[in-house]
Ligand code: GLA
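This document opens with one chain alone, in structure tokens, the form predicted alone.
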């Protein structure tokens, strides 16, 4: 039998894995510094179908490319696209001692790629779930998240924090749609935060696509680590830096550190506002977060800034870029009884 254009070793055994995307309400570029973040799963999903391949090689196809890409050919060509993420997960599962045979793998997804909605983590978790289902094994959500993060670091070249993989691996599609996740990235613990019923979260796509492997993300991350090193602090404690310590840093590192410190404080304040139904306060924190990402972290774009300005002009409570930056989406908060 042929599936995905390849002969399958066991035609009757095809497994499927799914994973949701995520949108981060507030708390960007602090997860790799052990900060607090407030993501929320989205309805968009990535689905992976996987089966054993008879020819001893891994094969990948998706609706993104419309054609098969062999793992070996991809390596030789230096390809940097989506199959690096999928292949990396298979490699890491095998490195863990899980006997994953050569696979033929196909992907469909409505999670926008490069939009800051965690398309890569959704792909990684879906691949892992499908492969584990095929071989009859399970990993805890925490172990899934850490394995997917390692795959992204080592095989896709993106030194991401844990937020995306953790949120996606722990997302419950059956949970209330008005729950967000308060994640402590240093402790790797989380709790669900109920969003007020009169709050509507809207995600607007700028249409500008980023590629985190291009270096801007890694450069910002390195600035954060350099700032912590100059202050002789573990990076997980950078958010506790004082104003005097921040002022002592070189200008660029000072701005990066200031963003980390103030963004973690904003996440705490946002949770307090949500728990007290202070929608105006929550909106103001979104606006302050965007200003910090734009001015101190230099990861916004003119197109994204315009969307934020337009949303505020239309009466939004607040709006901010979301994700790694350099394009992608804007998250907008509306008060349901005051918009229409």
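Residue numbers count along the first chain shown, from 1. Predicted, not measured: the structure shown is a model, and the values here were computed from it.
If you look for the form predicted in complex with the named molecule, you will not find it shown, but the lines that follow are about it.
Though the named molecule is absent from this view, in the predicted bound form it lies within 4.5 Å of a heavy atom of just one residue from 203, 160, 246, 224, which is 160. Among the residues 44, 58, 296, 31, the one placing a heavy atom within 4.5 Å of the named molecule in the predicted bound form is 31. Remark: of stretches 300 to 308, 23 to 31, 276 to 284, 47 to 55, the one touching the named molecule in the predicted bound form is 23 to 31 (heavy atom within 4.5 Å). Not displayed here, the named molecule is approached by residue 323 to within 4.5 Å at the level of heavy atoms in the predicted bound form. Proximity of residue 217 to the named molecule in the predicted bound form falls within the 4.5 Å heavy atom cutoff.
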